[in-house]
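Single chain ahead, written as structure tokens, the form predicted alone.
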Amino acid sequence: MIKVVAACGNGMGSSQIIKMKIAKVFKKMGIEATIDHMSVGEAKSAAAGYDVVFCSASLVDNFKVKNNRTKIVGLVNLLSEAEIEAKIIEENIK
């Protein structure tokens, strides 16, 4: 089971929506994951404890994770399940 966090500017609305979309796509793809959501500020310090961080593409540069485990995935359209699925495949997230 992988650990995933959805992050947005405030950690309230957008990250919750991303979390729900990610959960739906993971379920469709048969990937087991625990998914949290939080603000980018919180996620920056917590990211190393996760396998994947999903956030807006404009926020990716906020993350400077120094391990080989955590993948930072930027989304252009936060509501697009097709984009989320494509990123999961592209990043080989299992």
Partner chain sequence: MGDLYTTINTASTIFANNILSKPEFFIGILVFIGYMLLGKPIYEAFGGFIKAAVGMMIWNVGAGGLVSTFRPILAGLNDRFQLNAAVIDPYFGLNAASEAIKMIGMSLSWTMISLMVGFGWNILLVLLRKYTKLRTLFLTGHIMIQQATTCTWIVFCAIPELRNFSGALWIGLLVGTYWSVFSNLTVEPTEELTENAGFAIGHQQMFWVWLTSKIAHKFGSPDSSVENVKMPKWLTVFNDNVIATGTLMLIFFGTIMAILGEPYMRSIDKAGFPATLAFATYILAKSLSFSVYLFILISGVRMFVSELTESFRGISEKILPGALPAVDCAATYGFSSPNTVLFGFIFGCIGQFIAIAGLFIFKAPIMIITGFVPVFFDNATVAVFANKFGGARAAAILPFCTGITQVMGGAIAAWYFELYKYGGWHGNIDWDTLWPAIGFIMKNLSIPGLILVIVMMLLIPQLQYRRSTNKEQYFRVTDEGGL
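Bear in mind that the values here come from a model prediction, so they are computed numbers and not experimental data. Numbering follows the first chain given and starts at 1.
Keep in mind that the form predicted in complex with its partner chain is missing from the display, and what follows is about it.
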item	value
Proximity of residue 12 to its partner chain in the model of the complex, heavy atoms at 4.5 Å	yes
Interface membership of residue 34, its partner chain in the model of the complex, 4.5 Å heavy atom rule	no
Heavy atom of residue 38 within 4.5 Å of its partner chain in the model of the complex	yes
Distance check, residue 17 to its partner chain in the model of the complex, heavy atom within 4.5 Å	yes
